[in-house]
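The chain below stands alone and is given as structure tokens, in the form predicted alone.
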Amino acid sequence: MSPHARRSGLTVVSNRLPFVVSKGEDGRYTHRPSSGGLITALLPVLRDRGGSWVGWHGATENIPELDTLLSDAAKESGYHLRSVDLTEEQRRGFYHGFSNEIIWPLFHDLQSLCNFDPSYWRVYCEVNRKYAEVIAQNSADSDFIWVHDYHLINVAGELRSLGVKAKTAFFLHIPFPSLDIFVKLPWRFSLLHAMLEYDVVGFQTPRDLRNFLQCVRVLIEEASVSAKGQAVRINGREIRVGSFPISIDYNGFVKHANEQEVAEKAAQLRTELPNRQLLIGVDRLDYTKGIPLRLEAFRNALLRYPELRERVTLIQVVVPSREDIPQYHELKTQIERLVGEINGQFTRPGGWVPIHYVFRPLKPTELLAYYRAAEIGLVTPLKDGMNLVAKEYCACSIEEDCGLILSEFAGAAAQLQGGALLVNPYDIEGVANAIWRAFTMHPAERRARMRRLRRSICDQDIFWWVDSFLRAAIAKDLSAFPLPADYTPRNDIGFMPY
């Protein structure tokens, strides 16, 4: 059946499909579903509306049985899967190059790490065109096309050039930088115009939205921003813009954290590390997560507050990522050196080791057990679009006798400032002071703070996020945009001292 003959549906577009295709030792290819809140939240919407998901299948070699694999996966998932094929050269230039050597560091305020190779932009445009061609072949003009994240900013413009008239929306999962940082991008005008080809553009926080609108005001002369900052008008078109804090499946985390296996593993962990409070840090190996500074802050806390020694243990989990890239390999080496130094400095014979370092992916049950066992969550990225670890930790803290230390530069800080201890991750002594404060906090204050955090996450979970974004996209009146009063930072520049 022609895609133009079916009823309207939702087309989700992301860099990767929600299924991983891999080659086994026997040479046969298999598929398995990816995990994540986005997939969990969009699954019922895609099923109900007869939707499809467009993305790369994860391999650069030719897979003869790919159509069969995707067809089998689609039967299990209840929605269509449309694959984009990429060569190894395209993958290098598009993903490792423009996306992760330019956009990722620049949008995280780390412009000194950018590699502005002109060839990356050409490949990025080429690959975005390939995504658009697959979307055009598998969507109707009555569909709603929802594109996700920084890899695919150019897709809407490419769709327009192909004659696609479907409504398009874009959500940026990472931060949007301030004007003085964004203007360093050689392709700043092209990228802004590409974002304004969408009908709806969503950001994680009001700060990201303000940064985007400031860039539009200064760099795009023909564009005008509405008085309330909820729309941009350009060339006779109106683009709706808003902030929508992404979240987690709160009830799902609570349910699994309550399972007996998780409770037993958490109890076992407390038994193995008795008479102390546990701090937990869980991060992907990435320079934006601020892990070395966090370790230095922990060392500083042990030096300046001797009472913490033998009474706290930091469990630092690092999930491997991009180890083949020299920067990431160097980061891993730096983290391991710091862990060794701090343990060598403070370990006491026959017992206490200050840092337990885990470098591997955790099974879900193991991760939830770490969350449940830890009295203090330590989430201190240098910059993050949202940071869902903070929300996962709170959801799993079902006894509510614990605290969250959170970087003010994480997107989650705007929503969670009412209960978390907010810190500047660059301020080593400030983070150390927050560790001491969390350690000595009265149980009643801990519970009150954690209760506020959990209530906020419960009220604005991943399903709220999907619903609020889609409602804003189709609303006839801009006043329908969800802008909860308690989601506004305390002052205009967005810094929230604890």
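Just so we're clear, the structure is a prediction, and the values are computed from it rather than from any experiment. Don't overthink the numbering: it's just position in the shown sequence, from 1.
Keep in mind the form predicted in complex with a small molecule is missing from the figure; the text below concerns it.
Are any of the heavy atoms in residue 361 no more than 4.5 Å from a heavy atom of the small molecule in the predicted complex?
Close contact exists here: in the predicted complex, residue 361 approaches the small molecule to within 4.5 Å, heavy atoms only.
Look up in the predicted complex whether residue 387 has a non-hydrogen atom within 4.5 angstroms of the small molecule, and give yes or no.
Residue 387: contacts the small molecule in the predicted complex.
Do residue 104 and the small molecule come within 4.5 Å of each other in the predicted complex, heavy atoms counted?
Residue 104: contacts the small molecule in the predicted complex.
So, in the predicted complex, is residue 204 in contact with the small molecule at a 4.5 angstroms heavy atom limit?
Residue 204: yes, in contact with the small molecule in the predicted complex.
If contact means a heavy atom within 4.5 Å, which one of 162-170, 136-144, 362-370, 179-187 is the stretch that engages the small molecule in the predicted complex?
Only one stretch qualifies here: 362-370.
Go through 270, 217, 91, 284 and name the one with a heavy atom inside 4.5 Å of the small molecule in the predicted complex.
Answer to the contact question: 284.
Work out which of 191, 414, 246, 422 lies within 4.5 Å of the small molecule in the predicted complex, going by heavy atoms.
Checked against the cut-off, the match is 246.
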